[in-house]
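So here's one chain in two forms, each on its own in structure tokens, numbered structure 1 and structure 2.
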Structure 1
Amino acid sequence: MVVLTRTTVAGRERVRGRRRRGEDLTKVLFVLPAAVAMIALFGYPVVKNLLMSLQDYTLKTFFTGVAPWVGLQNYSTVVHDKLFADAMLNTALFTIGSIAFQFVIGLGLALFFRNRFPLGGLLRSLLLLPWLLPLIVSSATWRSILEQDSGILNRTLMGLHIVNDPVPWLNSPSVALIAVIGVNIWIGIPFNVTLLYSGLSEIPDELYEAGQLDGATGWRAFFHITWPNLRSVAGVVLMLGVVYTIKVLDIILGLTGGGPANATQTLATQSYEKSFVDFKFGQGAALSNILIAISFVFAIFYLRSTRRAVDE
């Protein structure tokens, strides 16, 4: 029989404690490079942008290194700018219009592809092409399609006698925003189809079979079986879509540059122009921080939706 003294037990506890601390240190060392990279690549730019928004940071600052502290003056200037209200409205219309149609069309296509048919997998793969193309390439392509005089869309509409004169898709303040929203819808549909189709695939077929016995077919099956089981995924898709769409810049710059007559000016394009056209980096940073704050609100809803989806 082995008798353990208090000294022996205490010694073993110290050994276990050192081993545990060594394991904890090893875990920290493995995570440390990723943490440093996150801070360097994401943390520093965010903090720097916040500081710039509180300074009179202009092109002159790059030569003199002097950026006077102005506090919230940049925020006050951009908010009271005559274009700010229009940019806010355009941002809201662009985001709501894009998300609504992307979701509805994406849901319809996801329901369509849920039915098995020949070449269904190939068609789903081809549907991803708009999402995989660089945004600047997509905007350049659509710019040629929407060209007033030589664009294929106007030629087709006139050839079918739907319109008598070419439609100034990108040159008229009354239709330019609609055209930009349409292009963004085309780009965002694959994202919605992919996530919604994944959600539909998780719904057991047994539920539909049981529903048929109770007379739940067609729209009744959708409202009583499909939608309740897809609601958590749909919430995530909508919130994530808002976070992505609200900061879209490439498409608008490639199509209209914020024009004509600021008809497609959003907070993102206005921030770009303040920073890289007017070289008022402090005001541009202030606008981008306002955009970040709005995105952050929706990001919180997204995280809550994600947690709720995981719990369910």
Structure 2
Amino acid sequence: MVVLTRTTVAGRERVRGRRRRGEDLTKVLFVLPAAVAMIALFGYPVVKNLLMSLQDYTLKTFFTGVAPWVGLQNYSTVVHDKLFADAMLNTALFTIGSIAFQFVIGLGLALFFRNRFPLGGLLRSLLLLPWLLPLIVSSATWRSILEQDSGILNRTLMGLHIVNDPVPWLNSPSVALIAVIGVNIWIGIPFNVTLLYSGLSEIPDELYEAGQLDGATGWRAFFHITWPNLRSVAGVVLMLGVVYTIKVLDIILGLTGGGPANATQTLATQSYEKSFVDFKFGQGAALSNILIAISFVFAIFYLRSTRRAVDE
């Protein structure tokens, strides 16, 4: 009797142990497909780009299978390219211009929609549409609006006698970048409104009620209550904005293709052209690695500043 009990207990424990081990395996299987996918779709490309940027990887490589190692030569070639400085400047102007306006307009609209009024929720969610449209659809639409001779914008501006001659929005090197930034601002506003609105909703009403007693209303309420409480959300919005905007490619290719006269070339469009138009994959990879490096610098700055804020 006693012996029997002992063996059953031991047996049960053995079963439980086996089940636990089987379970650990199941747990791994839950994550494994995603881990493989993430490594294949992100890890492999990053490593492959690093290697390619150190190789003379061209169209010939696909036939011969040979890609000689050239050290940092691709980097020095792309950096000394006469377009590189322009592309850097355009990337900076495009990113800063887009984000500054998206953020300010987005914050204004988010504050406006915090007022409770009939249809407010519906109007706010319809505002998301420009963000959900395929970028190439937005590009096509704006191409038609900005068309120099018959686009509705120039026709309206001339009809109202604001300009005498049609503005070559996408055809002149001096205005094309401004037009492209303008379109990108339009696309990015909904994203900013949505995130900032949810940030504003998190600020407890009591703060405003208490502020009202101290005479903090309107602008003073904004600077003393809203902004300090919104800062961490604003930081996230701006950081995501930089990371997403710096790599924008679709909009520029759809609107101008980097032209006219390379006036709208950025690091991303240059990288695309090097790889898929000139088939100099090594140089394209070098440019995209510079792009990633800049993104990472921003992310690290952001993480350090939030950590400091938490420490304080």
Partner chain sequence: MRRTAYTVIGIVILAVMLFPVYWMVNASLQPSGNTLTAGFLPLHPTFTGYKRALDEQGGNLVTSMIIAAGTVVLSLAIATPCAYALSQFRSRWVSIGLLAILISQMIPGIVIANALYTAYERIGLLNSIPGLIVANCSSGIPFAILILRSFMMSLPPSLVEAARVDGAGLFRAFVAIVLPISRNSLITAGLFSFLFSWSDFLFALTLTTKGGVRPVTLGIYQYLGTQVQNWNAVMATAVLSAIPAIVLLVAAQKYIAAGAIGGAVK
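Definition used throughout: the rigid core is the maximal C-alpha set that superposes within 1.5 Å between two forms. Numbers follow structure 1, counted from its first residue as 1. None of these values were measured; they are calculated from a predicted model.
Remark: structure 2 matches the stated condition (the form predicted in complex with its partner chain). The Cα shift for residue 291 between structures 1 and 2, taken after rigid core superposition, is smaller than 2 angstroms.
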